[in-house]
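The chain that follows stands alone, in the form predicted on its own, written as structure tokens.
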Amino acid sequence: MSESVRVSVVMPSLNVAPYIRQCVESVLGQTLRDIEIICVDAGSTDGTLEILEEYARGDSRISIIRSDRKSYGYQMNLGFDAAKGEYLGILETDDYAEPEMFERLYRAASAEKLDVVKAGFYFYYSREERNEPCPIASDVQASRVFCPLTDFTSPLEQVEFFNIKPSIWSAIYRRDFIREAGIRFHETPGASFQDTSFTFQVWAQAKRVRLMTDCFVHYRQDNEASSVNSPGKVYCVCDEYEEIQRFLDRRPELKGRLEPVMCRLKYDTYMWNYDRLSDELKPAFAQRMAEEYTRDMQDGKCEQALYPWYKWNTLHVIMKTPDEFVRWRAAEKAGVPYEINMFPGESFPHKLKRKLIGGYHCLKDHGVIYTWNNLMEKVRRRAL
């Protein structure tokens, strides 16, 4: 291995034998040669470890750490602690990277002495071999270096930035920044959304960040063992926000500025988590949401200005009548009319604005045909 390691690539693994070769070979084929590859295996039993050992025998840049715990956060901390590179990268072992990924990221980071440089990625479907690009920044957003804590003119802009997809593996991080800031992964069991608290800590403390419009990582969507496909992990996202709260409690100079941002992010995360759960699990999670946000409101952590009108009102419905929220959400999903006063006292201008914003986001996310069909379906239901 070269004496000068530009990027340490940490690769956590657990029973990913069908995908591991494609992943490892994508890193071995990087145009940036001055890298080290740290594979942290958590006790694979399907041949993954043996495949890693085979590659390690053939390339001195690869080292293997055996984790005694099945915890993504623990594995990542082991890898980061062992890393010697100027920058730290991550590649999950059911994904793979474009050959120029780490060279492009490193060149950008080193040229401007960045704490973090982050790119987009592809949603990758291997069964029908399809890649859908997911850029995280526009040309304007990618045109400058900024500090996430201080350089946004609007609180809503800051929320929007903190709310971009975590995708921690589409970035590299200056090793000294991570260590000096004391940033650690939450060492909860399994792969349980530990990217949530890690990302918040990074954005809260990084001073020099740049986003890139390019996409490099192919993020596999059809691995059924992935944590995002595990509805059994009902409250893992709650654990992550408790970890963020502990982080802010330790950093009073950040708490006043970022606690309202955290609560706003939590709303979106909890709603995403709620919608992915089975119907049997939803009432209990809605109750958890109601209890947490009731406490947050009482403690003055929530700022109405950070929420769109409809989200602020939905939040109050959840707090006041979580069971009613569950019935309303189920009816909405089934396309059945359900009368609920989601927007008490809403004026006509507010209602029009809410509808227009909803239509814009639907058009942006799903395209003209889907938006038109969705509108026609709502008109049809109202006519019934």
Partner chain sequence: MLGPKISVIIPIYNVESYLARCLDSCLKQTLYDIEIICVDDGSTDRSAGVLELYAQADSRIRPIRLENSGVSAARNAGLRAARGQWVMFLDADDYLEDVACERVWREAQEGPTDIIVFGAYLFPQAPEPDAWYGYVFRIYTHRVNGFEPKVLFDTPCAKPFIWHKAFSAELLKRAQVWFDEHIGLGEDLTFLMEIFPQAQYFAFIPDQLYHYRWFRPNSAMQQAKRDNHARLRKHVAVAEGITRYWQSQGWLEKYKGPYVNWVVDFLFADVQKLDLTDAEREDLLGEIRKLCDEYHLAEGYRALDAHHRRLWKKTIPRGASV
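Since the structure is predicted, the reported quantities are computational estimates derived from the model, not experimental observations. Positions refer to the first chain, counted from 1.
Below: the form predicted in complex with the partner chain, not depicted.
Contact check at 4.5 Å (heavy atoms) against the partner chain in the model of the complex: all three of Ser138, Ser143 and Pro155 pass.
Only one segment in the set 185 to 193, 90 to 98, 301 to 309, 118 to 126 has any non-hydrogen atom within 4.5 angstroms of the partner chain in the model of the complex, and it is 301 to 309. At the 4.5 Å threshold, heavy atoms of Glu132 stay clear of the partner chain in the model of the complex, well away from it. Put simply, Glu160 is close to the partner chain in the model of the complex: some heavy atom of it is within 4.5 Å. Using a 4.5 Å cutoff between non-hydrogen atoms, Thr213 counts as a contact of the partner chain in the model of the complex.
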